[in-house]
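Take a look at this one chain, the form predicted on its own, written out in structure tokens.
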């Protein structure tokens, strides 16, 4: 008899930002698969077991979870943020697509969560108030030339851009290169928001103009949001500036 496989997100890390649906799945599951720091966010019972793996072993993790579920276990695969945004939901679906037939019989339940760009945006105002896109700067699974092409298209198309996986020890140069490319297509004053660990005790939010945006401000725990040409900053004396993108666009409007 096939079991059940939940794929959940813990949100950005603040326990209050984990959804009741996800908490309900945690209470039902008996085996948990995930990256150690994400599993550490859960308060598991003595009868619940955890299988930790490196953050770069998504397909192996997905396969192990599907095997356990196909054998009748109630399984939970844990991501940070939202499991469907650069996270484990796609890996589980890919494993099912390429795996044995019995994995297709597993009762798969993917539950939405709060992804990093939403938490960061809420900290500064509403930079995602109009059209936006999300791009991962990691070239582990796609060529850097593809990333550059998408960045250029997004900037030229007037999208606010949320950058995931902006920088790492193995990729120290890519965020700076992305800023260089975007400076060719966006105004110097375009706001750049660096949101590290939004909602957690070690949260750090920084706002810089694109002309002076410093890639060293970011690490792998940072989501970077780059405004469009229409994104505005409201300066407030004694208070944090508000960043928002108007709900209307003046570009290309006619009679």
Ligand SMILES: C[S@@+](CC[C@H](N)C(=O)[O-])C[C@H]1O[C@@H](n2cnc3c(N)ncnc32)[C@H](O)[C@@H]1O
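Positions refer to the first chain, counted from 1. Note that this is a predicted model, so its numbers are computed, not measured.
Only in words, not in the display: the form predicted together with this ligand, which the text now covers.
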Exactly one listed stretch (215-223, 42-50, 185-193, 63-71) reaches within 4.5 angstroms of this ligand in the predicted complex by non-hydrogen atoms, and it is 215-223
Heavy atom within 4.5 Å of this ligand in the predicted complex, from candidates 120, 92, 178, 161, belongs to 120
In the predicted complex, the residue from 210, 26, 31, 197 with a non-hydrogen atom within 4.5 Å of this ligand is 197
Q) Can residue 147 be called a contact residue for this ligand in the predicted complex at 4.5 Å between heavy atoms? A) no
Original post:
Can you check whether residue 86 is within 4.5 Å of this ligand in the predicted complex, heavy atom basis?
Top reply: yes
Check: Though only this chain appears here, would residue 127 touch this ligand in the predicted complex if you measure heavy atom gaps against 4.5 Å?
Finding: no
**Study point:** Contact label in the predicted complex: residue 174 to this ligand, heavy atom within 4.5 Å
**Key:** no
Contacts from 34-64 to this ligand in the predicted complex (any heavy atom within 4.5 Å), listed N to C, are none
